[in-house]
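Given next, in C-alpha coordinates, is a single chain: the form predicted on its own.
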(Lines give C-alpha, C1' and ligand atoms only; values in the text may rest on other atoms or scores of the structure.)
Protein backbone atom coordinates (compact mmCIF):
# COMPACT_ATOMS: atom_id res chain seq x y z
CA UNK A 1 0.00 0.00 0.00
CA UNK A 2 1.34 3.42 -0.94
CA UNK A 3 1.65 6.27 1.52
CA UNK A 4 -1.19 8.05 -0.27
CA UNK A 5 -3.53 5.07 0.09
CA UNK A 6 -2.56 4.74 3.74
CA UNK A 7 -3.45 8.38 4.42
CA UNK A 8 -6.74 8.14 2.51
CA UNK A 9 -7.58 4.93 4.39
CA UNK A 10 -7.10 6.68 7.72
CA UNK A 11 -9.35 9.53 6.62
CA UNK A 12 -12.07 7.14 5.42
CA UNK A 13 -11.92 5.25 8.74
CA UNK A 14 -12.92 8.32 10.77
CA UNK A 15 -15.72 9.57 8.53
CA UNK A 16 -18.90 9.24 10.53
CA UNK A 17 -21.55 10.29 8.08
CA UNK A 18 -21.50 10.10 4.30
CA UNK A 19 -23.44 12.38 1.98
CA UNK A 20 -24.49 11.86 -1.61
CA UNK A 21 -23.18 14.30 -4.18
CA UNK A 22 -25.68 17.08 -4.76
CA UNK A 23 -27.73 16.99 -7.94
CA UNK A 24 -26.93 19.72 -10.40
CA UNK A 25 -30.11 19.11 -12.40
CA UNK A 26 -32.06 21.89 -10.67
CA UNK A 27 -29.25 24.43 -10.77
CA UNK A 28 -30.56 27.76 -11.98
CA UNK A 29 -28.03 29.42 -14.26
CA UNK A 30 -28.07 33.16 -14.85
CA UNK A 31 -29.71 34.27 -18.10
CA UNK A 32 -29.39 37.89 -19.21
CA UNK A 33 -31.97 39.87 -21.19
CA UNK A 34 -29.08 41.39 -23.18
CA UNK A 35 -26.06 39.05 -23.04
CA UNK A 36 -23.86 41.41 -25.11
CA UNK A 37 -24.43 44.35 -22.75
CA UNK A 38 -23.80 42.10 -19.73
CA UNK A 39 -20.61 40.77 -21.34
CA UNK A 40 -19.31 44.29 -22.01
CA UNK A 41 -20.02 45.35 -18.42
CA UNK A 42 -18.40 42.22 -16.96
CA UNK A 43 -15.35 42.61 -19.22
CA UNK A 44 -14.87 46.19 -18.13
CA UNK A 45 -15.26 45.19 -14.48
CA UNK A 46 -12.51 42.60 -15.01
CA UNK A 47 -10.26 45.36 -16.36
CA UNK A 48 -10.59 44.87 -20.11
CA UNK A 49 -11.10 47.68 -22.55
CA UNK A 50 -13.96 46.91 -24.94
CA UNK A 51 -14.03 48.41 -28.44
CA UNK A 52 -16.86 47.85 -30.90
CA UNK A 53 -15.49 47.83 -34.44
CA UNK A 54 -17.61 50.05 -36.65
CA UNK A 55 -19.02 48.53 -39.83
CA UNK A 56 -16.42 48.81 -42.57
CA UNK A 57 -13.64 49.85 -40.17
CA UNK A 58 -10.19 48.35 -40.69
CA UNK A 59 -9.09 46.21 -37.76
CA UNK A 60 -5.43 47.00 -38.51
CA UNK A 61 -6.03 50.77 -38.27
CA UNK A 62 -8.03 50.26 -35.09
CA UNK A 63 -5.27 48.26 -33.39
CA UNK A 64 -2.56 50.65 -34.60
CA UNK A 65 -4.64 53.53 -33.20
CA UNK A 66 -4.95 51.77 -29.83
CA UNK A 67 -1.21 50.96 -29.66
CA UNK A 68 0.64 53.56 -31.78
CA UNK A 69 4.00 52.90 -30.07
CA UNK A 70 3.90 49.10 -30.52
CA UNK A 71 6.98 47.75 -32.24
CA UNK A 72 6.42 43.99 -32.13
CA UNK A 73 2.91 42.85 -33.01
CA UNK A 74 2.37 39.07 -33.02
CA UNK A 75 -0.54 37.37 -34.77
CA UNK A 76 -1.27 34.56 -37.16
CA UNK A 77 -4.71 35.87 -38.12
CA UNK A 78 -4.99 36.36 -41.89
CA UNK A 79 -6.73 39.74 -41.60
CA UNK A 80 -3.94 41.21 -39.45
CA UNK A 81 -1.49 42.81 -41.88
CA UNK A 82 0.37 44.86 -39.26
CA UNK A 83 1.81 41.77 -37.55
CA UNK A 84 5.60 41.76 -37.42
CA UNK A 85 5.84 38.30 -35.86
CA UNK A 86 3.87 35.11 -36.50
CA UNK A 87 3.56 32.65 -33.58
CA UNK A 88 3.33 29.83 -36.12
CA UNK A 89 6.76 30.51 -37.61
CA UNK A 90 8.93 31.14 -34.56
CA UNK A 91 11.41 28.46 -33.56
CA UNK A 92 10.49 28.58 -29.88
CA UNK A 93 8.17 30.40 -27.50
CA UNK A 94 11.14 32.43 -26.21
CA UNK A 95 11.22 34.30 -29.54
CA UNK A 96 7.88 35.86 -28.57
CA UNK A 97 9.49 37.58 -25.58
CA UNK A 98 9.27 41.33 -26.09
CA UNK A 99 5.94 41.20 -27.91
CA UNK A 100 4.18 44.53 -27.44
CA UNK A 101 0.79 43.45 -28.79
CA UNK A 102 -0.55 39.94 -29.38
CA UNK A 103 -3.70 39.68 -31.49
CA UNK A 104 -5.80 36.52 -31.17
CA UNK A 105 -9.37 35.41 -31.83
CA UNK A 106 -11.81 34.30 -29.17
CA UNK A 107 -14.45 31.67 -29.93
CA UNK A 108 -17.12 33.03 -27.58
CA UNK A 109 -17.58 35.29 -24.59
CA UNK A 110 -19.42 34.66 -21.31
CA UNK A 111 -21.84 37.38 -20.16
CA UNK A 112 -21.79 36.53 -16.44
CA UNK A 113 -18.06 37.08 -15.95
CA UNK A 114 -16.51 38.58 -19.08
CA UNK A 115 -14.45 35.45 -19.85
CA UNK A 116 -13.52 34.63 -23.43
CA UNK A 117 -12.76 31.09 -24.60
CA UNK A 118 -9.46 31.04 -26.47
CA UNK A 119 -8.68 27.73 -28.16
CA UNK A 120 -5.05 27.31 -29.14
CA UNK A 121 -5.08 28.26 -32.79
CA UNK A 122 -1.37 28.91 -33.14
CA UNK A 123 1.76 26.83 -32.74
CA UNK A 124 3.06 28.87 -29.80
CA UNK A 125 0.28 29.60 -27.31
CA UNK A 126 2.74 31.75 -25.33
CA UNK A 127 1.57 34.72 -27.40
CA UNK A 128 -1.61 34.69 -25.27
CA UNK A 129 0.40 35.21 -22.09
CA UNK A 130 3.75 36.81 -22.92
CA UNK A 131 2.38 39.81 -24.85
CA UNK A 132 2.43 43.07 -22.91
CA UNK A 133 -0.96 43.92 -24.42
CA UNK A 134 -3.44 41.36 -25.67
CA UNK A 135 -6.10 42.13 -28.28
CA UNK A 136 -8.89 39.58 -28.58
CA UNK A 137 -11.17 39.69 -31.62
CA UNK A 138 -14.64 38.44 -30.73
CA UNK A 139 -17.86 38.25 -32.69
CA UNK A 140 -20.74 40.16 -31.07
CA UNK A 141 -23.01 37.24 -31.92
CA UNK A 142 -20.90 34.71 -29.99
CA UNK A 143 -21.88 35.55 -26.42
CA UNK A 144 -23.31 32.94 -24.04
CA UNK A 145 -25.06 33.76 -20.78
CA UNK A 146 -23.11 31.71 -18.26
CA UNK A 147 -20.38 29.15 -17.66
CA UNK A 148 -22.88 26.28 -17.90
CA UNK A 149 -23.50 27.23 -21.54
CA UNK A 150 -19.81 27.94 -22.05
CA UNK A 151 -18.60 24.49 -20.97
CA UNK A 152 -21.01 22.90 -23.41
CA UNK A 153 -19.30 24.85 -26.21
CA UNK A 154 -15.66 24.32 -25.25
CA UNK A 155 -13.70 22.86 -28.14
CA UNK A 156 -9.98 22.21 -27.73
CA UNK A 157 -9.35 22.33 -31.46
CA UNK A 158 -6.38 20.87 -33.29
CA UNK A 159 -3.83 21.51 -30.55
CA UNK A 160 -5.89 20.06 -27.66
CA UNK A 161 -5.53 23.19 -25.51
CA UNK A 162 -7.57 26.25 -24.69
CA UNK A 163 -8.09 28.72 -21.89
CA UNK A 164 -10.57 31.26 -20.60
CA UNK A 165 -9.17 34.78 -20.41
CA UNK A 166 -10.93 37.49 -18.44
CA UNK A 167 -9.12 40.80 -18.33
CA UNK A 168 -5.47 41.59 -17.77
CA UNK A 169 -3.29 39.62 -15.39
CA UNK A 170 -3.31 41.10 -11.92
CA UNK A 171 -2.38 40.18 -8.38
CA UNK A 172 -2.29 41.92 -5.03
CA UNK A 173 -0.95 39.14 -2.87
CA UNK A 174 2.33 40.88 -2.00
CA UNK A 175 1.89 43.76 0.45
CA UNK A 176 -1.67 44.17 -0.88
CA UNK A 177 -0.33 46.21 -3.79
CA UNK A 178 -2.08 45.69 -7.12
CA UNK A 179 0.37 44.62 -9.81
CA UNK A 180 -0.79 44.43 -13.42
CA UNK A 181 0.82 41.94 -15.79
CA UNK A 182 2.23 39.71 -13.08
CA UNK A 183 1.57 36.43 -14.92
CA UNK A 184 0.35 37.53 -18.35
CA UNK A 185 -0.73 40.62 -20.32
CA UNK A 186 -0.78 44.02 -18.65
CA UNK A 187 -3.81 45.01 -20.70
CA UNK A 188 -6.56 43.22 -22.57
CA UNK A 189 -8.60 44.89 -25.29
CA UNK A 190 -11.64 43.08 -26.61
CA UNK A 191 -12.55 44.15 -30.12
CA UNK A 192 -16.13 43.22 -30.90
CA UNK A 193 -16.60 42.56 -34.60
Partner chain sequence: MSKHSKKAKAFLKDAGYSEWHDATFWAVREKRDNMSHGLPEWEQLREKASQIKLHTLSHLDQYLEQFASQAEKNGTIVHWAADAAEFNQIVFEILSSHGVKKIVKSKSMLTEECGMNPYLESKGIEVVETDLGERIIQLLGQAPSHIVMPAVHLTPDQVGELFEREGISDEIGNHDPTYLTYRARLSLRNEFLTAGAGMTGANFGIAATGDIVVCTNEGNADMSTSCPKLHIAALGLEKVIPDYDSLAVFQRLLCRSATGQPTTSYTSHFRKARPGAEPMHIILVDNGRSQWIGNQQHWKTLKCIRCGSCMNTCPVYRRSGGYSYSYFIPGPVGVNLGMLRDPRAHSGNVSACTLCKSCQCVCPVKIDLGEQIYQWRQQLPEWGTEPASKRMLCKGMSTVFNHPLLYKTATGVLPKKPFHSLKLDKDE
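Residue numbers count along the first chain shown, from 1. The structure presented is a predicted model; accordingly, all values stated were derived computationally and were not measured.
Although not depicted, the form predicted in complex with its partner chain is the subject of the following passage.
Q: Taking the shortest heavy atom distance, is residue 33 within 4.5 Å of its partner chain in the model of the complex?
A: Residue 33: no contact with its partner chain in the model of the complex.
Q: Considering only heavy atoms, tell me if residue 160 and its partner chain come within 4.5 Å of each other in the model of the complex.
A: Heavy-atom contact with its partner chain at 4.5 Å: present for residue 160.
Q: So in the model of the complex, does any heavy atom of residue 66 sit within 4.5 Å of its partner chain?
A: No.
Q: Looking at the partner-bound form in the model of the complex, is residue 146 within 4.5 Å of its partner chain by any heavy atom?
A: Yes, residue 146 lies within 4.5 Å of its partner chain in the model of the complex.
Q: Name the residue from 137, 126, 51, 40 that puts a heavy atom within 4.5 Å of its partner chain in the model of the complex.
A: Result of the distance check: 126.
Q: Could you pull out the residues of 133-157 that have any heavy atom within 4.5 Å of its partner chain in the model of the complex?
A: In sequence order, 146, 147, 148, 151, 152, 154, 156 come within 4.5 Å of the partner.
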